[in-house]
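Have a look below at one chain only, the form predicted on its own, in structure tokens format.
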Amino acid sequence: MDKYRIRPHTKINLNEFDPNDISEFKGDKEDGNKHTAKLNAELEVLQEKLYAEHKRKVLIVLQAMDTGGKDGVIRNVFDGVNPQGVRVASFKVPSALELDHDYLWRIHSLSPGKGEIVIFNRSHYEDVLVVRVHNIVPEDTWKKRFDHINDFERLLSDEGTIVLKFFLHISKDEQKERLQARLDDPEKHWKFSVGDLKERALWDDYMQAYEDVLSKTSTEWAPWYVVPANKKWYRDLVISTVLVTMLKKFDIKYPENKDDLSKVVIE
């Protein structure tokens, strides 16, 4: 899955990335789901070791256009992990309190502690995406934030956080189908917002903004992966593979008990 990782200082054109790509797995949807289930079982063990070891931290950043599949990734990739050690943080429109602070204040407070995996459903990148597309702040303000974000993620990494960032790349046609499916199914109406259509009209502006994000903030310590996400099963497979592979590199172990258990007798 390394082909989806963006190398530092790489100029990105999203037109060169196929949202339908499934080339890194030799099998069909059924085979892919079975393989993801095996990876999920491995992730359960790795997450338990991470929680027990209480040294490292993991931050997963999920960004996508509306209907991109962030909720689906959280459900499928992290199915079965111990909820004690996994937390999801969602970032909506900033509150009055949050607006009184710098834009990273609310982000830092929800970053993972030792032994935790934290999943950001949207993230600090909204402050170089939405604010840019909607002209909420001046250009010279949001442009400075690329360096802020790189430095912030470097701080997290230096303090023991494994940072992995995934852009769930769907096509505009796929988004149309998913929005229509929500509109057609009364049980999915709660997920549909008329505001999504206004954002969809700005698709090209968002693609340009995402290209800058991927080009300027994929680093050795906090890499971006452009995940083909039209096929949901393949999306989950890519992310599961990257996450399990990365965690295995750190040789996470259960801690030794400080007591001499060899003489313990349970009566």
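The first residue of the shown sequence is 1; numbering continues from there. Note that the coordinates shown come from a computational prediction; the quantities given were computed from them, not determined experimentally.
There is also a form predicted together with a small molecule; it is not shown, and the following applies to it.
> My question is simply whether Asp66 lines the interface with the small molecule in the model of the complex - judged by any non-hydrogen atom within 4.5 Å.
Yes, contact at 4.5 Å.
> So, in the model of the complex, is Pro94 in contact with the small molecule at a 4.5 angstroms heavy atom limit?
Yes, contact at 4.5 Å.
> Answer for Val118 alone: is it within 4.5 Å of the small molecule in the model of the complex, judged on heavy atom distances?
No, Val118 is distant from the partner.
> Closest heavy atom of Glu174 to the small molecule in the model of the complex, within 4.5 Å or not?
Residue-level check for Glu174: no, no contact with the small molecule.
> Pick from Ile74, Val130, Val81, Leu156: which residue has any heavy atom within 4.5 angstroms of the small molecule in the model of the complex?
None of the others qualify; the residue that does is Val130.
> Can you pick the one in Leu110, Leu104, Ile136, Leu183 that has a heavy atom within 4.5 Å of the small molecule in the model of the complex?
Contact residue from the list: Ile136.
> If we take heavy atoms and a 4.5 Å cut-off, which stretch out of 159-167, 85-93, 146-154, 110-118 is in contact with the small molecule in the model of the complex?
Heavy-atom contact with the partner occurs in 85-93.
> For the three residues Lys70, Arg122 and Glu126, which mark the spot I'm curious about, does each lie within 4.5 Å of the small molecule in the model of the complex through at least one heavy atom?
Yes, the whole candidate spot contacts the small molecule.
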